[in-house]
Ligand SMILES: NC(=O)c1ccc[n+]([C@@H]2O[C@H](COP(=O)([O-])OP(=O)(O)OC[C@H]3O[C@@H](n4cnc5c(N)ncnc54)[C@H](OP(=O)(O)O)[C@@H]3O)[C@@H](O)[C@H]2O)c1
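Okay, so here's just one chain, in structure tokens, the form predicted on its own.
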């Protein structure tokens, strides 16, 4: 049997944030790692290489997960060099902010195309070889927002809720082939995610929710910018790859957010909703009430 240190791992979204932390951590653990990036791979290779020893095996490939041909080409490249893929870590994704009413069809399609369908494309590309090997691990990076609807991130929460359902179904389907599927639900970490969060197109022109959204986003951004760097997520990924029978999902992040994920399961929905509204500084409806004449 192949030792964990000999695994071949494909990490999507590996040029920054959680994906980069995973690529670096796994290569340090002795894995052969291929990281995808939409940016120029040679530039990323040089940048990340400063954090690694020459013996560490990390190679970057230029891939946009919204392009099914690019995804398949990357998987074919890995297989041509190594003959196998032992793990896929799906980290590619982005965030969006705006009221649900201010989320256009195009905004939601863009989120789903990367955060959900992009993950599906990568899973489809690696599964034939994993089934043939009768082994493999797929780790999908979800979010605390996949456990609870986050105000002014409804589209993002929708993409992560959908990813959770997709992963649960996939886990059962591929179990007979020796393939494991795991969800990781990170809370707030200090990454480029904050500055790259996109404001929905309609929110930029609609003042209805603007004041409340700024107030709520200020809470989110303070938690993100004041959070830890994403290495704990990467270390968790490493431990999961060393586990023979991993759980369905793992929550990782600040203690308060891990507690919140547990409370969601046990509290009445209205109580939990009230706690979230207080946390995100959403008050009464007076400011948003339309004038009636």
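These numbers were taken from a predicted model, which means no experiment stands behind them. Positions refer to the first chain, counted from 1.
There is another form of the same protein, the form predicted together with the ligand; it is not shown, and what comes next is about it.
Residue 65 belongs to the set of residues with a heavy atom inside 4.5 Å of the ligand in the model of the complex. When contacts are judged by a 4.5 Å heavy atom cut-off, residue 188 counts as touching the ligand in the model of the complex. Although the partner is absent here, residue 114 sits close enough that one of its heavy atoms falls within 4.5 Å of the ligand in the model of the complex. For residue 93, a non-hydrogen atom is located within 4.5 Å of the ligand in the model of the complex, even though that partner is not displayed. In plain terms, the part of the chain that comes close to the ligand in the model of the complex, with a heavy atom within 4.5 Å, is 38-46 out of 38-46, 51-59, 238-246, 262-270. Interface residues of 143-173, taken as those with a heavy atom within 4.5 Å of the ligand in the model of the complex (partner not displayed): 143, 156, 160, in sequence order.
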